[in-house]
Structure formats: structure tokens, C-alpha cells
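For reference, the chain that follows is the form predicted alone, supplied as C-alpha cells.
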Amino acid sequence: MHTVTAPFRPPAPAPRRTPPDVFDLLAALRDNPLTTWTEAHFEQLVIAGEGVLGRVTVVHDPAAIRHILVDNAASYRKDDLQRRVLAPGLGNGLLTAEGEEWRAQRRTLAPLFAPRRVASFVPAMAEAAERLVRRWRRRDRRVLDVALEMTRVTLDVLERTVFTEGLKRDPDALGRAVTRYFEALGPIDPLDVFGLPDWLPRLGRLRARPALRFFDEVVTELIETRKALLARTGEAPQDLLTLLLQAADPETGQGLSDLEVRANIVTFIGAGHETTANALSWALYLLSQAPAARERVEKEADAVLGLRPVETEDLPRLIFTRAVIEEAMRLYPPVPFMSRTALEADRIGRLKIPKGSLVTIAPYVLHRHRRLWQDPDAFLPERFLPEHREGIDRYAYLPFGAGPRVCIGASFALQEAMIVLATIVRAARLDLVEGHVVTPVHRVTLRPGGGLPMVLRLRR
């Protein structure tokens, strides 16, 4: 008799039956904003009303999302709350800049992430992944914090692609600083919720100061050393740091200021590596709970790679590997929440958006919406295979955003995640430590709260 195994449904906070009151909302925003969502958010495509933040329209209708992020994107900007949380650490880089400043940076940085340039980083990414599994060979059957291990490998990728002459500091210290930064600034401060002046001290910003000082020192050293090398020899490694320093706006010929270079390097280190590390952590956790999917991805890696590192030509053949990454980002999107302020009154069909009001799109809710996905809470990588992909609305799946502000490093991150995952599953299996409870926690990004302890078992 053939038995059908039920798909794995990974942990997620149970939606509330009713919206939280002001005090519950403020507490949830500090503890874990995922717990603020209600049953109605997962069942209705648009919910509008007055709240602590004034008029808020929560939008999960793909057509409306396209209107806000693409067709009428000029009428919306990132809201002040997001900027107050991110700007203290990331500066005025591509993630936080607005208006003409953002457009100039986007034009200037776009060539750095062109397909050919991203493909040129495959060997560096593969070597970082191979280095990880070589280090693991001495740790068979030991417990690893996979969240920390993924932080290490993605920082190794950064070191090989952004600043190839290496860090003057311990990479693990940089990884710890990134973690402290997101842990400190992740809990949303009531002062920011109510839009109180920046000069009022925020506890999170005070806690983040040591990490921010460390970022500043590391990045200043990198920039000064590289600029000195260019001035002395006229030559330098053609990594992203050199490209940033030499980049020019194709329309104006203007290069990036030192502050803009610094802000974007911090963005690459902070936001860039953090989101990829989380996607890999979630993918490995999900595979540990889904034996059939894990066996399938292992067979694919064995067949495509054999015993050699990943090469550029392998990527189109790692079909199920990519599907696992995409499904992991559906269930646990790297950035679970985004919001915009309406710069002018707008109308989407019958929906009115008042000028100055807040529009919220939560990929975490969108990706689990009951009207948009079949069995939305289940881990089913098959839904992202080529034969099923056409059934997914482009604006129902936003791991990297959409429109003019779509993540500039999306192809870089997906390529990196595929290479690292394929290398890992070919070499080892990771199983969750028995009794450990996995909890997704929203701290700017979506990370496993308390780490991810897993037992390593080498396959070969």
C-alpha cells in the first residue's frame, strides 16, 4: 500500500483573531512584529483603517501591489518609520536614499550587478562554500549553530567579492557586530512609532552604537587602504570595492561621494549578507524536516556536481536547489515587511489612498495568503519548478521587492544561496537538535530566534 506523506508545515506565530490594542501593538512591535497579524490579513486582500500610525492601508492584492511599487511608484516613498530604523546604521545608501539622490545612486551602481559581472563571482562563491565544508570535516556528528555558520560563509563570500584584499579585522567579529546591530535596532521603539524627534534617545540606538562604531572603523580602513593603493599604483583588484570607488553616473559622469561609498559598503555588509545567511539557514532547517525534499536536492547536487566545486554552467541545472531556496524565502522572506507613504492622493480601483497615509505590504503575509497560494503554510518546493512557476503571480511573491526599488543584488544573492546550498547538501546532512523549538523572529530581517542548533553528519 502506497502512503502519502503530509507536507511539513513549519512554525509560525498563530494569527490573532482580533487586532491588538495600542499597548499590545507596541509590545508586539518590540518583541516580534509577526505576532501583530490577524486572521483577516491572511484572508482579505485589502484592509484599511485608522490606527496608532494614522490611516493605514494593508495591501496584499497583487494588482494593487503592482500599482504601488511599479505603475505609480513615483507617488510613494519609503515611510519615515523604516528610515528611522535603518538610516542610523546604513547611512544614506541605496537602501535608504530617496528622490534624485536615490536615482543617481541606482544608475551608478547598476553596472556593478549586471549579469556578466555577477556570473564572474561564481568561482569566489564556490570557494567560500568549499572552505565551509572543508572546515566541517573535523566536526562530524557535532552540534553547530547553523545560523552562525551561514553568517560566516556569507561574510566569506563578501570578503572574496567586495574586498578581496581581506579584512584587517576578525571576520567573526564583523559577523557578531552585524547580529548585534539587527538585534539592537530590530525592536521598534515607541518613540519611532509616534514620530517623536530624533534627539530623544532610543534604547536600541544606544545598544547599537558599539556595532556601528565597529562598522565605521572597518569600512573606513577598507576605503582608505584601497584609495591609497589606487593612488600609488593606479591598479587594484576589480572587486566591488574598487568598482564602487571608480563608478560614475552614466548620465552625469559624477562619482559617488565618500559618504555614499561608505553607506553602500555598510549596506552590502549589513543588509546584503544578513538576508542571504537567513535564507540559507531557513532552507537547511526546512530540508531537515522534509526527508523527501532533502533526498531530492541531494541527488541533484550529486548528479550535477559530482566531487567538484560549483561552476557557472551548473546553475541552470540546479533546478530543485533553486526551488528550495525560493520556497524558503516564500515561507520566511528575508525582509518580511515594507511600507510606503503616499505623496499624493491616489486611487486603486475603488480603493482610495489619502495623501500622507501609510501603505503597508508584508511579504510574510502575502506569501502565506490563503487567496493567493494553495496550502500556503506548507513547505512545497515543487511549486517553484518551471512547470508550475507560471501559476505564481509576479506580485504575489516579493522576496526582493519589485519595481524601481527591487533589490539591486537579487541575482547576486540567489546565485550565492544556490552555490552554498548545493555544496552543503552534497557534503553533509544537518538535523535539528532534538527538542529545540524554532521560532521566526522579525528583527528588520526574519531570523530564527535563539539560533539554529543542528547536528552535522557528513555524507562523504
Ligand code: HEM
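No experiment lies behind these values; they were computed from the predicted model shown. Each residue number is its position in the shown sequence, starting from 1.
The next section is about a form of this same protein that is not shown, the form predicted in complex with ligand HEM.
Q: Looking at 381 to 389, 337 to 345, 251 to 259, 231 to 239, which one sits within 4.5 Å of ligand HEM in the predicted bound form if you count heavy atoms only?
A: It is 337 to 345 that comes within 4.5 Å of the partner.
Q: Taking any heavy atom pair closer than or equal to 4.5 Å as contact, tell me whether residue 407 reaches ligand HEM in the predicted bound form.
A: Result yes; residue 407 sits at the interface with ligand HEM in the predicted bound form.
Q: So in the predicted bound form, does residue 267 come within 4.5 Å of ligand HEM, heavy atom to heavy atom?
A: Residue 267 belongs to the contact set for ligand HEM.
Q: Classify residue 399 as contacting or not contacting ligand HEM in the predicted bound form by the rule of any non-hydrogen atom within 4.5 angstroms, answering yes or no.
A: Yes, contact at 4.5 Å.
Q: Within 4.5 Å, heavy atoms only: does residue 275 come near ligand HEM in the predicted bound form?
A: The answer is yes: residue 275 has a heavy atom within 4.5 Å of ligand HEM.
Q: Which residue, 297, 284, 329, 366, has a heavy atom that falls within 4.5 Å of ligand HEM in the predicted bound form?
A: Among 297, 284, 329, 366, a heavy atom within 4.5 Å of ligand HEM in the predicted bound form occurs only for 329.
Q: Using heavy atoms only and a 4.5 Å cut-off, determine which of 324, 95, 310, 150 is in contact with ligand HEM in the predicted bound form.
A: Looking at the other structure, the residue within range turns out to be 95.
Q: For the stretch 112 to 132, which residues lie within 4.5 Å of ligand HEM in the predicted bound form by non-hydrogen atom distance?
A: Heavy-atom contacts within 4.5 Å come from 113 alone.
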